[in-house]
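Take a look at this single chain in structure tokens; it is the form predicted on its own.
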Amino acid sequence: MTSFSPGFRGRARPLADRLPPGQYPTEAFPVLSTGPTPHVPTAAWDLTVTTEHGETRRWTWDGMMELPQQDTVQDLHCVTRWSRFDTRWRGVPLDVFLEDLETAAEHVVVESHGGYTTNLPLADLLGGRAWIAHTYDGHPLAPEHGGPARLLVPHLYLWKSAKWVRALRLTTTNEPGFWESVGYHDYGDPWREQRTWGD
């Protein structure tokens, strides 16, 4: 199994410079969900990526674990205003799943077990900015935090990092997801406080 880790990035920024406006730091990792917590065994888990043309790629759990893995340390920012610094994850960069896809899509709809969806620009999943994460702080990701695997897009508010991920559907038009359809911001940049439609 191939493995790689990010290189040294220089001196860490002061914590105050890492806290977006309107946020407060916490050591807790609150659990917020729209419904019951799905419990998906790894033997039954898979991930599909489907283009706008209907081309589909699929990975089982074992297949995903054979892909290049990456350890990453990220700050998380929830739209409910808490932030947690230096969270430690392991997973597969989205670049690996999306490599060499023939697509003109600019958007992605992420689908989760339990029916949750969220939408993102495709560009925000590329360039080492997003992962399918399966390990948190050295342990398998717990179901309440999205295990066995979740999307991790730490530069956006945490609702964009869909728990219990099962599919990515590439689209040529933007399709709002669950929270976006009821008033949350379409993009969700914490540094611009994009919490709701009017922000």
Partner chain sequence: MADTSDHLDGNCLAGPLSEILALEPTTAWWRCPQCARSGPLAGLHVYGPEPGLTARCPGCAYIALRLVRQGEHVWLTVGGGTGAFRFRVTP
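From a predicted model like this one, the values you see are computed outputs, not experimental measurements. Positions refer to the first chain, counted from 1.
Keep in mind that the form predicted in complex with its partner chain is not shown, yet the notes after this line are about it.
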Quick one: is Pro21 in contact with its partner chain in the model of the complex, heavy atoms, 4.5 Å cut-off? no
Does at least one non-hydrogen atom of Ala43 fall within 4.5 angstroms of its partner chain in the model of the complex? no
Gln194 versus its partner chain, in the model of the complex: is there a non-hydrogen atom within 4.5 Å? no
Counting only non-hydrogen atoms and a 4.5 angstroms cut-off, does Val79 reach its partner chain in the model of the complex? yes
Determine which one of 30-38, 54-62, 126-134, 147-155 lies within 4.5 Å of its partner chain in the model of the complex, judging by heavy atom distances; exactly one does. 30-38
Would you mind checking 110-127 for residues with a heavy atom within 4.5 Å of its partner chain in the model of the complex? Gly114
